[in-house]
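The data below hold one chain only, encoded as structure tokens and taken in the form predicted alone.
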């Protein structure tokens, strides 16, 4: 099974999850520093203070990437590392770090892909309302201006936001992610200003780096009916509206999905907001990044029109996160997006699986057969989506390193490289060698 000759093979990480040095070197406090240090918010009281110590060990990590044969590496910048208070004075140490990291990546012959925002909002900005404050569009623009001017001579691939649904819903609605707020009104405001910030960032990237390729990354989750019953179809479509169309429609069509707007307004979610502003989110993009992890299958709850239960087939298998393994669903989602929104190009910017693994490894390669099987299924699905007409141009595996898995702390391991968090020893997993072979042959 072969891929197009120009198919791009990469892996992805995020700043707070791997960098460490979260409270020194001039870095400001971010919402995840505050959240993880709040008792009861993160498993085992884990924090990203040290994480993988990538801030100090990046040359070693980039050498490992080169050994696997990565053609591209997607990493994010820490906003409070470069502007500690979110706006105003910059941190030379932070900017120098991203200079060195980018140079190291390019020296290894790897294409740098930068994500501007992967969830580490400066805490001082959250204290002013965070993503639910309209001023954040200007704050984010100032940050984007700084880093695109600094790195734009080398970095030609930019992603504005990582998974704005997670930032808005997990952070401000359900409260399971930083900043830990449970307020529907703030959640919908956050989503709105995230989308407007994306639009402004796209304009700045175009201005400062005319030859850049730029887009956004959305986590897209198929919301499917369990049966052909009209109520199953209805609750699944409603869920699709909140999780997928609420972000796809603005960035491609410049509007919110009308069926969901009606419900949001009835809840007072965007009261007093000019919804036509979201036209600004529909800036021309060179690609759409899709993060894909799971599908949800909905069965309606009789007598409760807005509620559903998850109903998976009895033969389904699941990762350590409780997410179903089903490559076909990813292919179907990619093809759907191509057909309905027609992006110029699509990249899978994250896809991967966590499985239980030991904290310490003594052998030279850690066997992870479940992850190898997972990769085989999902890369087969990626190839299938291309055969079905999707303009899928590349795949970024999540993740290159085991890391701080947000509210799960260090209890979930997604990496193809094992990290012993006590010694910081790196050990390749069998999946890394499998991926290396796929990259070398551009084929399964």
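Residue numbers count along the first chain shown, from 1. Only a predicted model underlies this, so the values are computations on that prediction, with no experimental measurement involved.
What comes next is about the form predicted in complex with beta-D-fucopyranose, which does not appear here.
ask   = in the predicted bound form, does each residue in the set 119, 163 and 398 place a non-hydrogen atom within 4.5 angstroms of beta-D-fucopyranose?
value = Each of the three qualifies.
task = Only one of 242, 75, 287, 293 comes within 4.5 Å of beta-D-fucopyranose in the predicted bound form by heavy atoms, so just point that one out.
result = Here the answer is residue option 293.
query = Among 55, 406, 378, 35, which has any heavy atom within 4.5 Å of beta-D-fucopyranose in the predicted bound form?
reply = The residue in contact is 406.
query = Tell me which of 55 to 63, 42 to 50, 406 to 414, 379 to 387 has residues with heavy atoms within 4.5 angstroms of beta-D-fucopyranose in the predicted bound form?
reply = Residues of 406 to 414 come within 4.5 Å of the partner.
request  = Using the arrangement in the predicted bound form, list in sequence order the residues of 334 to 373 with any heavy atom within 4.5 angstroms of beta-D-fucopyranose.
outcome  = Only 350 sits within 4.5 Å of the partner.
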